[in-house]
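One chain is shown next in structure tokens, namely the form predicted alone.
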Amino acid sequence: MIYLLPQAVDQSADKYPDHEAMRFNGQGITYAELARRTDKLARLLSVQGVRKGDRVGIYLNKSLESAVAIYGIMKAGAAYVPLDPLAPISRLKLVIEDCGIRHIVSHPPKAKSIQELISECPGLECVVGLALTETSVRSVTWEAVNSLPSGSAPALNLMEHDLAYIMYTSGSTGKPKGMMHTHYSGLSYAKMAADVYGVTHQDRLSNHSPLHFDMSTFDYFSGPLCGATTIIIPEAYTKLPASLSKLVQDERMTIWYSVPFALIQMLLNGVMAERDWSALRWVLFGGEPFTPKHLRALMQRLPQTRFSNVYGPAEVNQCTFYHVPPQPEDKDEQVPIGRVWANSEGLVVDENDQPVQPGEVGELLVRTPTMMRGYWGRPDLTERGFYRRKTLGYLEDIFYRTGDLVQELPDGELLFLGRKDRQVKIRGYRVELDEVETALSRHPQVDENATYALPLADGNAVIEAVVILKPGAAVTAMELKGHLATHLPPYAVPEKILLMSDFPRTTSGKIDRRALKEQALVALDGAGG
């Protein structure tokens, strides 16, 4: 019986030792080798001072080492914390210091950034994956790790409710917030997804999402649980639709999982008429709505493939799915997110936490074993993020407040209608508009600013910002973008920034955001930036 996530790797190593666990850039690693290398990394981390419950950062571009890092860290009894390889140093510093990270697993391509992190984060003690010079921080290369003698990982008294990983997302105050997931929540998700989508050791899963994006947990957890092969897609391919569609063909991928944007790009620019995707049996998409016309066109091109719309905030991994039937030519309605899956419960409630009637709009609350433990170091956010329902007089059923508005359709399926707050999805990534505004406010020449999201015709959205400068300021929109790039990940930087002399106001003096958005839309038609 598997109770901890790393046990899945060891079990598959026993059952399928010579079967490839991971592939990257044409190179593969078997389950037997993955088990050996993760054991070695776990022992090395233990020697370097990692203890049960510690948080260890993963600062890697996509590679085979990604999987070794994930499972090696967990085998050492620690929780892995993915660090966005494209994020500015200032943001990574916030995560490292907030989470108390002392050890980082990295590799040579990040050497320059690691040196910057060391200078900015005095709490760092050890970096695994590259050689450092002229620094007091200890370092161990991957070559040294791999040359260690074979042996078991450290013996630990871990339980299924101990932390397995912490994933950070945008925070409304400008400070990222870390979602604490346990071995139980991660393994529950892996088992549920493997069961729903029928994953076996013969499957070849796509890993399109980066480690710091919650979608990656399906590929990295369900694959080893079932002995499947996970194809780690290099970052460069995500910007090259033709190369990506060829990789799906050449690697004979059987299950694809990504945001709709990646699929739309391959549909429109991936030369799909020349590709053989006959091995692909299931396409999973989520994180944002899939434009009906593009979904219909892709389903017509892949008649042998099943399609499912999956839903779930990172706090619960995933909690609903909808198996998409063939889409009629005259249907342009949004695809439902489906029903809450087995062994879980969903409530649709009003602003007073009272259940609404079917057909009425309300917030979705979810109770599921795939749910996070809470937010790292933020008991206030944790308390606000959960709804507690009294049961049996003194017990509690705990539900996560998704913040998403849904409507129950006549057939029982749920339709996603948007957010209650100012959080938006940009290509699947969660962005708090308040965080963007906080970052803009840090610029010394910015007096006031406001941001909003605009929907695009393809179902995606972009962020735009409007700024009032301080008297005498002469900063440009491009300079403001450059400032934001040092504080925010690339997807959170507004596509356009408009400079204005004043904002429309309500009678109370607050920014009239609805009027501002309409006013800015007119102005942006003729403005650059």
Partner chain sequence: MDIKEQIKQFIIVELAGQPGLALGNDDDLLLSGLVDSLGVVRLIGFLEEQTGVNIPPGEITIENFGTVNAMAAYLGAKVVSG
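None of the values given here were measured: they were computed from a predicted structure. Residue numbers count along the first chain shown, from 1.
FYI, the form predicted in complex with its partner chain isn't displayed, but the following is about it.
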Non-hydrogen atoms within 4.5 angstroms of its partner chain in the predicted complex: do S90, L130 and R430 all have one? no
Though its partner chain is not shown, can you say which of I398, A236, V361, A297 has a heavy atom within 4.5 Å of it in the predicted complex? A236
To verify the annotation, which of these, S152, S243, S119, N146, has a non-hydrogen atom within 4.5 Å of its partner chain in the predicted complex? S243
How about G49: is it within 4.5 Å of its partner chain in the predicted complex, going by heavy atoms? no
Using a 4.5 angstroms cut-off on non-hydrogen atoms, would N269 count as touching its partner chain in the predicted complex? yes
Tell me, yes or no, whether T30 is in contact with its partner chain in the predicted complex, where a contact means a heavy atom of each within 4.5 Å. no
I'd like to check something about Y387: if you look in the predicted complex, is any of its heavy atoms closer than or equal to 4.5 Å to a heavy atom of its partner chain? no
In the predicted complex, which of 269-277, 97-105, 343-351, 193-201 comes within 4.5 Å of its partner chain (heavy atoms)? 269-277
Contacts with its partner chain in the predicted complex, stretch 86-105 (heavy atom within 4.5 Å): L86
